[in-house]
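So this first bit is one chain, no partners, the form predicted on its own, shown in structure tokens.
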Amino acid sequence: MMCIRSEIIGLGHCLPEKILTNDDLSQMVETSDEWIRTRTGICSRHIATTETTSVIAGKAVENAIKNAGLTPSDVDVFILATITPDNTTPSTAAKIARNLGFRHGVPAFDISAACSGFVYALTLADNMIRLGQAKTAVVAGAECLSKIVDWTDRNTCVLFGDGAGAAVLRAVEGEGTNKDTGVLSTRIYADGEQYESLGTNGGVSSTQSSGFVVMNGKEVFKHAVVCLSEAAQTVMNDAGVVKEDVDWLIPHQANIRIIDSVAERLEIDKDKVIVALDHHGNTSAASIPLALSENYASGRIKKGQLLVLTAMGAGFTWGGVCVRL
């Protein structure tokens, strides 16, 4: 039976120019390259200086649209996942839509699902395309987490970085099998019982400030491994594929120990796992599209390959996507 699929036809990313290494951090807080590297797998991260989220996200979106061979006037909907918007309101997506020249009336909005943001955004865009409400969608994840990090707290400041990634989706007709190109299955979840385990200690209506990132590391690790693994397995089951069919697992880039544990639980060879946190750090909503775009641009990820994306973040929120590129 023929069906409408959301095919990824363009990818783009952007990283701030400034690079902060572990050695640089050791001059700021009591830590060392060895301490950070062995516990997290992170060696360096990019840090925004004059750039705002709209700037790096805008460049990623512009690159993705060009990569797709389209122009901004072709876009029917734009969804930006971020927890570090330029302003509380209006949305950063609206600002980017204006700056890039999207058509008048095209919906553009932000969503806040932390590290799961891109998976949430991709799910929403896929649903809109399958319902016939859009033919071409742009989804992006972008963060300037350095703006909400306490640079005196070595337990958190070593983890995060800034960056942006974007994807262009277009409606295509598929046969309704897992051999189709495009998004094959999506799942998103949340559990407010874990609200205090990961987040910021501020907010507009509570402290009139953004606050800094705080987390219960043990609780996050425990839930992350389970949630990431189960979401990945569920979308694989929904799509009717098995681990041997998967070309690449692209998990949220939070911690190498979490990534390794997820691959082990799924019984997916580590050679099939995309790891980018060594030079990006944890970029929250940007981590998956950034890793995807970067590895596609390098030729490592190729058209026709089957990808499983899985993420978990504050909320807790989590989810997965199975897509054939």
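Sequential numbering from 1, following the sequence displayed. Just so it is clear, the structure is predicted and the values come from calculations on it, not from any experiment.
Another form, the form predicted together with a small molecule, is not on view; read the next lines as being about it.
- 254 is the sole member of 254, 183, 96, 144 with a non-hydrogen atom within 4.5 Å of the small molecule in the predicted complex.
- Proximity to the small molecule in the predicted complex, taken as a non-hydrogen atom within 4.5 angstroms, holds for one residue of 31, 295, 44, 67, which is 31.
- For residue 160, a non-hydrogen atom is located within 4.5 Å of the small molecule in the predicted complex, even though that partner is not displayed.
- The small molecule is not shown here, and in the predicted complex it never comes within 4.5 Å of any heavy atom of residue 226.
- In the predicted complex, residue 258 approaches the small molecule with a heavy atom inside 4.5 Å.
- Proximity of residue 63 to the small molecule in the predicted complex falls outside the 4.5 Å heavy atom cutoff.
- Contact annotation for the candidate site: 115, 221 and 282 all lie close to the small molecule in the predicted complex (heavy atom within 4.5 Å).
- Only one segment in the set 150-158, 70-78, 127-135, 168-176 has any non-hydrogen atom within 4.5 angstroms of the small molecule in the predicted complex, and it is 150-158.
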